[in-house]
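Only one chain is included here, represented as structure tokens and corresponding to the form predicted on its own.
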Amino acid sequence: MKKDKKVLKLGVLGLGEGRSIISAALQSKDWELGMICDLNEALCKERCEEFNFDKYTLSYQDMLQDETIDVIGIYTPDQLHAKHIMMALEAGKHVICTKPLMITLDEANTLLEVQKRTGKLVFVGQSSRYFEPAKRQREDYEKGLHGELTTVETHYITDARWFLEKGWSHQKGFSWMYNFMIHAVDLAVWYLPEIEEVYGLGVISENTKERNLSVTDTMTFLLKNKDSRYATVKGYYATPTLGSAVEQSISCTLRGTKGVSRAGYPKLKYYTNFAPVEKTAKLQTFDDLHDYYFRFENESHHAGEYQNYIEDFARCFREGVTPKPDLKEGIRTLAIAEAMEISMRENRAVKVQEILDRRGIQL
């Protein structure tokens, strides 16, 4: 059933990463910013001054009680996502939640029950799908320019040793898998949505050990689809890189029977070799969109991706279509991630259904 509402009103919880969604909502014709919320009043005032906005609260409950707000954007620490999503659903709000949806599947069944009972939408903001090269790659894939897809290669490679200096990286639940590598996992399952088995290897580098952490920071996986096609997914986080000019931080390569393409981030570059196939790929650049995607200092926050996904959410809402990735897809991706971690730990192939069955999750 199509919705008549043309403009959706957004409440934003968490004003660190939430800075991007504030910018996105203020610049979108589909959205109105209704209220922002954070426990840190100084940060609330900073965002209000930055964006010439005057409605903030320190109380999440106050924002939930505002009947004019349609959707809550959740940009709080990952460990709090499940709690904040459920509170929003119970208050009758739709939800946009930044990745990862959660850091474990412990509350997956409860979330599914609450979402089903309330009938509200839950959308996972997997921003990498909404960067310009990734959007163009998806359009070409849906046009059939790759032919039959044979393999997918994704990675997220970045020297994030600075992250290990932050207090939250030493808290229970921190994992490169959920905080970083989930981008590469999501891109793989976007194209191979029926991953049934995973196998991977991981290393804890000395750079991590010297900070008294035992979190795997170097990982390579094979993800097998039900039809025997596969994806390779890699992540390196605590060692030097070659730099994004040589290897993009995030990359997705689609290899098919008729053609191949590669999209990445943060460079606005897209490589293709479609029929008639040449010896060298063609390069498309989207440098004219740089300021749309990167609105803040040091190319941080990539707010254009957020605007793309909230506008896609609004379009789906108007058309009565469920925006993806939704709650079920987000939970399945987390089940794949959990299988990947078990595979590294136990040095064996792990079936995704094993994870779902163990937790009694039905999707």
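Just so it is clear, the structure is predicted and the values come from calculations on it, not from any experiment. Quick note: we count residues from 1 along the sequence shown, nothing fancier.
Omitted here: the form predicted in complex with a small molecule. The next part is about that form.
Between the small molecule and the residues K99, R229, K269, R129, the one pair within 4.5 Å by heavy atoms in the predicted complex involves K99. Taking A335, L43, L64, C316 one by one, only a single residue has any non-hydrogen atom within 4.5 Å of the small molecule in the predicted complex, and it is L43.
Contact annotation: the small molecule lies within 4.5 Å of heavy atoms from the stretch 7-15 in the predicted complex, the single such stretch among 21-29, 335-343, 351-359, 7-15. Using a 4.5 angstroms threshold between heavy atoms, K166 counts as touching the small molecule in the predicted complex. A residue is said to contact a partner when one of its heavy atoms sits within 4.5 Å of a partner heavy atom; I310 fails this definition for the small molecule in the predicted complex, lying far away. When the small molecule is considered in the predicted complex, C48 lies well away from it, no heavy atom lying within 4.5 Å. Though the partner is left out of this view, H146 does not reach within 4.5 Å of the small molecule in the predicted complex, counting heavy atoms only.
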